[in-house]
Ligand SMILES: Nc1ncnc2c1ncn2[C@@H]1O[C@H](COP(=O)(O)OP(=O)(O)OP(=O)(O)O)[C@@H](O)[C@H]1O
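Take a look at this one chain, the form predicted alone, written out in C-alpha cells.
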Amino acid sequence: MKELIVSRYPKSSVAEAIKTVRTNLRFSSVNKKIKTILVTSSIAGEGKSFISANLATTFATSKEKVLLIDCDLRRGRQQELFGNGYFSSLGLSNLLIDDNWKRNLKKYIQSTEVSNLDIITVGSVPPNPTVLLESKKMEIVIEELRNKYDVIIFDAPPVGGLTDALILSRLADTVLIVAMAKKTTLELLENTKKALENVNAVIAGVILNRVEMKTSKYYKNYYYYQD
C-alpha cells in the first residue's frame, strides 16, 4: 500500500494536489452531480492506476461511499496497489460472466482498509476483455452500482492502441486523462483527446504527473510511481 499517498501521508503535497482534483470535479458540475469518473492515459506507465486509487481514497475520506473498479482487464494493478494478499481472485471479469451476478454481487465487491472505499479488482484475465467491457451486462451492472455508491471510479486501460477506454467512457459522467511530464508528448495527448471526443466523452481535464515541485531547499516529485 506504499502508493496510497492520500491515506499514508494525508498532508503531503501529492495528497493536497489530488484533493484539489476532487474539489475541481465537484465544482465542474453545478447542475448534475458527477457519480462515475473514468481515469485513463495515452499509453502505459503514465500513472493512471496510482491516480485512480488515490482519487478514490480522497473521495472516501470526505465521507462519500466510493467504489473503485479496475477495468484494465489486461494488466490491472489495483489489487497490487491495495495489497496482493488482501483480496480474493474474483473480480470484474468473473462478475461479467456470472449468470446470477445480482444474487452474487456482494462476493465481487471487496472492502479495503480505507473507510468508505470498496473495490472490484480485475479477477481472472479473460481472453476477450473488449467483448466483456462492451457487453450490455456491463452497462446493467454499472447502473445497479450507481444506486449503491456516491462515486464510482473506473481505472481504465490506456487509449493508445485499445478501444476499451473509449467503450467505457459511455458509462462515465466525466473523464480524466493522466499524462506524465517529460514522457507524454503533446501529439499523444492530442490524439487521446480527439479519440475520446469522437465518442462524445466529457473530458474534465488532464492530470500531469511526475512534475518537479520546487520547495525552499529541494525538489519533490508530484508523482514518482509508475503503472
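For every residue, the number given is its place in the sequence shown, counted from 1. Not measured: the values here are computed from a predicted model.
Not pictured, yet referred to below: the form predicted in complex with the ligand.
For the residues K107, R103, K148, R75, the 4.5 Å heavy atom test against the ligand in the predicted bound form is passed only by R75. None of the heavy atoms of K19 is located within 4.5 Å of the ligand in the predicted bound form.
Mapping the unseen interface onto this chain, G45 counts among the residues with a heavy atom inside 4.5 Å of the ligand in the predicted bound form. The closest non-hydrogen atom of T57 lies beyond 4.5 Å of the ligand in the predicted bound form. In the predicted bound form, the ligand sits within 4.5 Å of a heavy atom belonging to S49.
Looking at 60 to 68, 163 to 171, 37 to 45, 191 to 199, the stretch with residues near the ligand in the predicted bound form, meaning non-hydrogen atoms within 4.5 angstroms, turns out to be 37 to 45. Residues are counted as partner-facing when one of their heavy atoms sits within 4.5 Å of the ligand in the predicted bound form; in 108 to 144 not one qualifies.
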